[in-house]
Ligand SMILES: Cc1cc2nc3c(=O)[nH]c(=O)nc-3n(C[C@H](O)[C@H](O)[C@H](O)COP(=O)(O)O)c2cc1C
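This document starts with one chain, in the form predicted on its own, laid out as structure tokens.
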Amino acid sequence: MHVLVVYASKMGGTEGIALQVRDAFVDRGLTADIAAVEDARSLDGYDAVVIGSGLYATHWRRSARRFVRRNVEALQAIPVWFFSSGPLDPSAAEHNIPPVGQVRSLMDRVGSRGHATFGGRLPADAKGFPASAMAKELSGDWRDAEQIRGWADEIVDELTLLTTGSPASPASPR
């Protein structure tokens, strides 16, 4: 099973989540590649795709939206999952946050199998408006590694079931 994890990240927080997802896949025996959406040219040879983007004012980054639109047919033919990052508080780790409307529309368009929202990261020295203004009160890292790993493990379990017809062996202890 060969999986591609693609991401759109402005300040590195979403890229970090994508790396954790990729690493969880590899730990469970999948072959997994990672790329920024701008660098992912073809989905040929991939059996599944995970697409993630940071949320800014309830919108995914434009590059992530373009990636989905550019690859609609290929994405419709394989299992796809989406993730968003962004809440600058612990809410994403405390309860499920459904996809925003724009992301839900993209998911429906390609037949996505699922979505997760993870906490975001905002460095104290964030540049540009409004990030620098927000960083004065909201800087920090709310990404939850256990939540990310658990979600990635669920995807591996589902992919295993899809390809073999039987459940995956349990994830190894972390």
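Just count from 1 along the sequence shown to find any residue number. Being a predicted model, the structure only gives us computed values, none of them experimental.
Absent from the display: the form predicted in complex with the named molecule. The rest refers to it.
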Using a 4.5 Å heavy atom cut-off, state whether residue 19 contacts the named molecule in the predicted bound form. no
Is the gap between residue 74 and the named molecule in the predicted bound form 4.5 Å or less for some heavy atom pair? no
Residue-level contact is defined here as any heavy atom of the residue lying within 4.5 Å of the named molecule in the predicted bound form; does residue 121 satisfy this criterion? yes
Considering only heavy atoms, tell me if residue 134 and the named molecule come within 4.5 Å of each other in the predicted bound form. yes
Pick from 35-43, 145-153, 108-116, 55-63: which stretch has non-hydrogen atoms within 4.5 Å of the named molecule in the predicted bound form? 55-63
Could you run down 140-158 and flag each residue that has a heavy atom within 4.5 Å of the named molecule in the predicted bound form? none
